[in-house]
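Starting off, we have a lone chain in the form predicted alone, written out as structure tokens.
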Amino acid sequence: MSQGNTEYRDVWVYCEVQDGELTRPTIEVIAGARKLADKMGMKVVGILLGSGLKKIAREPIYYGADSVILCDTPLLKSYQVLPYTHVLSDMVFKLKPWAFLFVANEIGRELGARVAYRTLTGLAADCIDLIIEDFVMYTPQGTKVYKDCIAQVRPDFATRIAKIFTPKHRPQMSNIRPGSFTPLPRDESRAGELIEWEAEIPPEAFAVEVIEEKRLPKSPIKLEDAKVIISLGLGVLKDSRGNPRNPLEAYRLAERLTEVIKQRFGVPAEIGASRSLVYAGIKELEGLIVKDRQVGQTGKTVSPDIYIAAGISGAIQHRVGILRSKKIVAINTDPQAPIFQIAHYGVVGDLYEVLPKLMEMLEERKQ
């Protein structure tokens, strides 16, 4: 929708619920919305669609929202993109939000794109940050400045970070990669308005009949919750002298190291991997280095206290996935590897020598 002379207000967040709770990525996006709203003097509004959600309707407020719009109806019990798109688009047309944020997952990518199309605005996909900036448009007639737009920051497909702007239309819409923002602490003392929305959904929106639902088993790999991540790259295939190595040996080293960290310090630790290693199809790592371990632009964005990159060169697609790590330790035989550009600590060396020394040092610690 064109801005025109209408005042668009507030930052909306589409809130996803799983097992009766807000998902962690949703809570992260609320934190990102809070950042924008505070800068602009606006409110954060959580948008909840589904059935039987009244018990958790105030959860977005506890995590930083100022109000919640709840559409609770049996018609929306099962997620279907057409009815959900209809309800959200109707809300946008009638209430005119300034920005609308989604999680960059299967539902958020599908739903956000359809709502953007229906409401005649744009959508920036897979964002890793949101910044308020002025946008300057250069034309043959001169320059025009659009004040206080959202710079929607996302990794480019080459080697750069791109900023996407939606200067002429509202709402400004984005989907946000999980791990891009740190959730705000849950605070039940926060008060906010709960608005119940009555939806009128045309029958033709229900083009699909849901007969049965089955939940897929959850992955035991929890990269998003890990405080320490040891990630492996294609450097596991050879040592510093160029001799071939069994990559399973590197995996076992990382596995043992995570166990030492868990047992000694009581800290959640996980094994990660670069995209190159995940898709290399190495027989010795089959069933071990799987897609759920992938870190980077097409994998997961992580924010551990310590990220150890062992044998990872550090292409931009991997680096954008680890930028929120508090400390990055890089181990690589190539002193010119790009990973050293963002590492807090760099070790030019052989991971097959460095990881055992690190493990030995940790095991010797008494506390």
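The numbering used is simple: start at 1 and walk along the sequence shown. Note that this is a predicted model, so its numbers are computed, not measured.
The next section is about a form of this same protein that is not shown, the form predicted in complex with a small molecule.
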G108, S174 and F206 - do all three of these have some heavy atom no more than 4.5 Å from the small molecule in the predicted complex? no
G32 within 4.5 Å of the small molecule in the predicted complex, heavy atoms: no
Non-hydrogen atom contact D10 with the small molecule in the predicted complex at 4.5 angstroms: no
Examine S240 and determine whether its closest non-hydrogen atom to the small molecule in the predicted complex is within 4.5 angstroms. yes
Close approach of A315 to the small molecule in the predicted complex, 4.5 Å, heavy atom: yes
Segment that reaches the small molecule in the predicted complex - one of 306-314, 50-58, 36-44, 22-30, heavy atoms within 4.5 Å: 306-314
None of I69, A337, I328, V302 but one has a heavy atom within 4.5 Å of the small molecule in the predicted complex; the exception is A337
